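To begin, one chain is listed below as structure tokens, in the form predicted alone.
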């Protein structure tokens, strides 16, 4: 998006173009000349000066292991901003990129430096930093944040090959999602906000069994072997990134059913770091208090095993955080409005917006539990953060003009 203004001056010189950086925006000042006589005393050509500032994107990072809900979260996020996210039109049909009116989401798998065969030959997984080009990742994310167009590589998940690059232009909101958005400090420093999806081993195992046995015909032994093969690299390179995240959505087994091993009922925590610029954590009832709430009753239908909320302050990797927790699942999403009415700092535009978003995507995975609820809330917080940044940037040139 560009913001432009124009005025005329009188010039006896040739037309020229200048480009300069002005902090948040890339400012372009373009002169073009009309040779028609102005009739004024000094004569000369009339020169029109057009000044355009190109908004630089807000950059969001989302980290998680494969199969942990990144794609669903991205669909919820783009929906908050309006418009469906789709692959680039006319491009590679196997592109991992999703584009909407406001957002562009890229998959960091595109920065694999080794294709599938190369990884096998070298004996490394895609989680290993040696299989990824962090220099190129940093250079291109930095370029996008500065308002520049890039040619991003494509990792083809179908063939396992590295395909020719695709052109990515700066959007309003640029989301990098994948295994390593917070691994490299240089990339991490470019992020305006970061999220980590933390799925516990027990839940991840239950999900993989449901998906791979039911949908793909894999044996239980092969599923266990696949998880165990990835675990050392996951523990070494992916999991430590959660300490840098501004918000963590942690998915755990329920505590409402003793010895539950099906993973169908979940306990989900939204861990929100305190002191993050432009981000005010959500709270339940009373900010800073420690609260346990069972909302089941006349206004919220709860079948077995029920629903339980908790909220309070905590410490996470040495950081002060606020933690909102939901255990159980909703029977009727339209009754979520009752829970929403007891939550504050949601950054909604109107009463009931969280419930509306959840009903809009009732068929998405996790819509009846805390994963969908907290993904929706984080999406609204990102929208609020974006609007704050835009307002700050719009005010910066006005303040500079007063000096």
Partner chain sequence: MASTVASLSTPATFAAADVLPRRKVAGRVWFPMARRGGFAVRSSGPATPPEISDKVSDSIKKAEETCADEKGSGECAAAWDEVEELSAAASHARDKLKENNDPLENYCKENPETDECRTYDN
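Just so we're clear, the structure is a prediction, and the values are computed from it rather than from any experiment. Numbering follows the first chain given and starts at 1. Under this definition, the rigid core comprises the largest set of C-alpha atoms superposing within 1.5 Å between the forms.
One more form of this protein exists, namely the form predicted in complex with its partner chain; it is left out here, but the text below deals with it.
With the partner left out here, its partner chain still marks one of 153 to 161, 313 to 321, 189 to 197, 134 to 142 in the predicted bound form; by a 4.5 Å heavy atom cut-off that stretch is 153 to 161. Site residues 147, 381 and 390 are none of them in contact with its partner chain in the predicted bound form, judged by any heavy atom within 4.5 Å. When you look in the predicted bound form, the only residue of 278, 242, 172, 218 with a non-hydrogen atom within 4.5 Å of its partner chain is 218.
Within 4.5 Å of some heavy atom of its partner chain in the predicted bound form lies at least one heavy atom of residue 336. Proximity of residue 342 to its partner chain in the predicted bound form falls outside the 4.5 Å heavy atom cutoff. For residue 286, no non-hydrogen atom is located within 4.5 Å of its partner chain in the predicted bound form, even though that partner is not displayed. By the criterion of a heavy atom within 4.5 Å, residue 330 is counted among the residues contacting its partner chain in the predicted bound form.
Fitting the two forms on the rigid core leaves the C-alpha of residue 333 displaced by at least 2 angstroms between this form and the one not shown.
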